[in-house]
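Okay, so here's just one chain, in structure tokens, the form predicted alone.
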Amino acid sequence: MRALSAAMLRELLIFFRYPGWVVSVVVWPVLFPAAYIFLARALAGPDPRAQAAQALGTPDYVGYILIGTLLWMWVNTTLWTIGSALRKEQLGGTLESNWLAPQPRAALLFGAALAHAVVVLWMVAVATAAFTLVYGLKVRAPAESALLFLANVPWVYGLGLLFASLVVWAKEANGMVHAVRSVFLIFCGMSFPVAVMPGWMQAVGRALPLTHGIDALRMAALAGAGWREVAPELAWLLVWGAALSVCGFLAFAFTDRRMRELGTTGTY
């Protein structure tokens, strides 16, 4: 716990040391969805709500886009922070000394995950306030929506743990982050329904956990769906959460063992 709290505190100190990053967490949730909302209004013509009701199944196209962008932003920041945490240690020259210290090596990543969770909670609070005050979002089932949001935690952070281990092997974070987040952006229906894509793209989208997370949250927040309606999506989220968490732990354990055997912990 001491190592975990120290790693978390270090990450938070570094984050708040750069005010530009703190400001971006406030500005980004407000500005990022705006581009997709304005585009939807421009393409829908004089009556966007009627067009949205026909194409999306709900007239609240603003809420539809806001929920998709919020979850995508969460995954995106996870890849940039937790996914590249070990790579940043390599570039800073501190990974080798921290890796060989008499502490659980997993504390390096879990400390970064806890620090990221604090930032995400702040981002969600800002986004909720902005979505309500600026865009007029009305959540019909707030309790169910909050629990469905939390149901995404296992697979999101499991993906971050797996990604962090792969980045240490590839020794490149930026290209991998852009590739993975682009896949989610294109196939998961962040700002449009998956059903409008070609069949093979729909199959890819339905195989990704973010698609089910977005769909479940939209059903609860916009349509007031109960647990029976969102049960299939929730089941997919839990299965993906268990699978990615296990894969992340196994990948980290394998990376830990191989890096110590090969002596490549501190290599650039």
Partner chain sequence: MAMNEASAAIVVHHLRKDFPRRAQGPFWRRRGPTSPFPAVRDVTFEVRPGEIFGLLGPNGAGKSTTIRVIATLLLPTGGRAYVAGYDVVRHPASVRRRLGAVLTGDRSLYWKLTGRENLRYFAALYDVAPARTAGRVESLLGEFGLAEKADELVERYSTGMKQRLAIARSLLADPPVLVLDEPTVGLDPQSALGVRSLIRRIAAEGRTVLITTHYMEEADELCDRVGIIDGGRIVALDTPENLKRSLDRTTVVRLWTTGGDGRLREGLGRVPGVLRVSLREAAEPGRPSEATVTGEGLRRRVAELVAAALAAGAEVERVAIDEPTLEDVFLHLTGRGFDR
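Here the structure is a predicted model, which is why all the values come from computation and not from measurement. Positions refer to the first chain, counted from 1.
The discussion below concerns the form predicted together with its partner chain, not included here.
Item checked: Site test, Arg140, Glu229 and Leu234 vs its partner chain in the predicted complex, non-hydrogen atom cutoff 4.5 Å -> Looking in the predicted complex, the three residues Arg140, Glu229 and Leu234 all stay beyond 4.5 Å of its partner chain (heavy atoms).
Notebook entry, point to check: So in the predicted complex, does any heavy atom of Glu89 sit within 4.5 Å of its partner chain?
Noted result: Yes, Glu89 sits close enough to its partner chain in the predicted complex that at least one of its heavy atoms falls within 4.5 Å.
Next item on the list: Determine whether any heavy atom of Thr128 comes within 4.5 Å of a heavy atom of its partner chain in the predicted complex, and answer yes or no.
Entry: Output for Thr128 is no: heavy atoms all beyond 4.5 Å of its partner chain.
Next item on the list: Tell me, yes or no, whether Asn98 is in contact with its partner chain in the predicted complex, where a contact means a heavy atom of each within 4.5 Å.
Entry: Output for Asn98 is yes: heavy atoms within 4.5 Å of its partner chain.
Item checked: 4.5 Å heavy atom contact, Gly136 and its partner chain in the predicted complex -> It does not: once its partner chain is placed as it appears in the predicted complex, Gly136 has no heavy atom within 4.5 Å of it.
Item checked: Stretch from 90-98, 140-148, 154-162, 118-126 whose residues place a heavy atom within 4.5 Å of its partner chain in the predicted complex -> Of the options, only 90-98 has residues within 4.5 Å of the partner.
Check: Which residues from 7-28 come close to its partner chain in the predicted complex, meaning a heavy atom within 4.5 Å?
Finding: Residues within 4.5 Å: Ala7, Arg10, Leu13, Ile14, Arg17, Tyr18.
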